[in-house]
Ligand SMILES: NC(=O)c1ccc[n+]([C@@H]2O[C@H](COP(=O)([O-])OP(=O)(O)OC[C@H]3O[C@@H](n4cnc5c(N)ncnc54)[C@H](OP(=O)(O)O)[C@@H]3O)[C@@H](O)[C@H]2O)c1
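One chain comes next, on its own, written as structure tokens: the form predicted alone.
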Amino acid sequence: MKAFVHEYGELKVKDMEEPSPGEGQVVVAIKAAGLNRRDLYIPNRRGENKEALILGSDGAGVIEAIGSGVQNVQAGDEVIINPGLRWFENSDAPPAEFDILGMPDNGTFAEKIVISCEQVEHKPSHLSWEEAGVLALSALTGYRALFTKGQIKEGETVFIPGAGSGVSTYLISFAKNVGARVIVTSRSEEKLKKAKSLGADIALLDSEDWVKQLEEEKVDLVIDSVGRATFKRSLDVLKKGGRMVVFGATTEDTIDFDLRSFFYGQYQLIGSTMGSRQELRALLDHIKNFKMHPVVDKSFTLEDMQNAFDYIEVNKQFGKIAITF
């Protein structure tokens, strides 16, 4: 089978051995996969590793074969792959055995994948293959950040810097679905227009004075994944006693801020990452109940994967990037 791998420091399409299911496993013929920024960073982390690793965390497809002991699915089922490995019940933090699919395990950028039957969920029927293939990692990250950690409520206001990311597009829709008010920011006027079309109530350029523009607003919750570039500015617009959830750092990991102002303001700073299978199932129910459709910016074929990597690296996309098979 064909797969997109990292091997000897290089990214390339390579013929790999066809997988077969062991006990409790299934083989899924991938119809579409999702490209994430995580996939950009893995080659640097692996260096010159000579072992071929199939990249990719997100994917959806049809179960082609099942191993012994599999009862929750059968051959022919259309499924979404859960990229959060071995985190089943909701908890304050992931268990020690938690990993994300795509490293060190072989991932979804292949014609087929063998994976535990515990890591697949039935695909919502209203989603296309591209929409299903890009869903799990970003949507689950956003769902946990907004609901489990952020505890968003109807009538509250959430502030989301970086409007064009895949997670942000889910956050906008999730928040509007439950009756929250949404404020987003971006460097791009085009991305702000698209965010407004998704339902964002206020869209601000990064170059604007956020505090001045929002002096009449009460921001209950900030969800930040940008890191150093926006952290302090986001904190400045948050109401006293408000909640700030951080799930990423696409700029820099390390920041400094005024601790005295922080504790006098009695802000709540909350970390979040990915989510459990329990949350993924709640997310899929949400997707079905609201007939949500993930935002797919662009699709690439497996053979055109390098162009997909180049495209996500320049950060021009609004929403998700799909890889089709």
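Residue numbers run from 1 along the displayed sequence. Just so it is clear, the structure is predicted and the values come from calculations on it, not from any experiment.
Missing here is the form predicted together with the ligand; even so, the following discussion is about that form.
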The ligand in the predicted complex reached by all of 137, 165 and 226, non-hydrogen atom within 4.5 Å: yes
State the residue from 177, 128, 90, 250 whose non-hydrogen atoms include one within 4.5 Å of the ligand in the predicted complex. 250
Exactly one of 218, 187, 232, 86 has a non-hydrogen atom within 4.5 Å of the ligand in the predicted complex; which residue is it? 187
Candidate stretches 37-45, 283-291, 260-268, 296-304, one within 4.5 Å of the ligand in the predicted complex by heavy atom: 37-45
Contact of residue 191 with the ligand in the predicted complex (heavy atom, 4.5 Å): yes
Contact between residue 276 and the ligand in the predicted complex at 4.5 Å, heavy atoms? no
Decide whether residue 317 counts as a contact residue for the ligand in the predicted complex under a heavy atom distance cut-off of 4.5 Å. yes
Would residue 206 show up as a contact with the ligand in the predicted complex if we use heavy atoms at 4.5 Å? yes
Does anything in 295-314 come within 4.5 Å of the ligand in the predicted complex by heavy atoms, and if so which residues, in order? 312
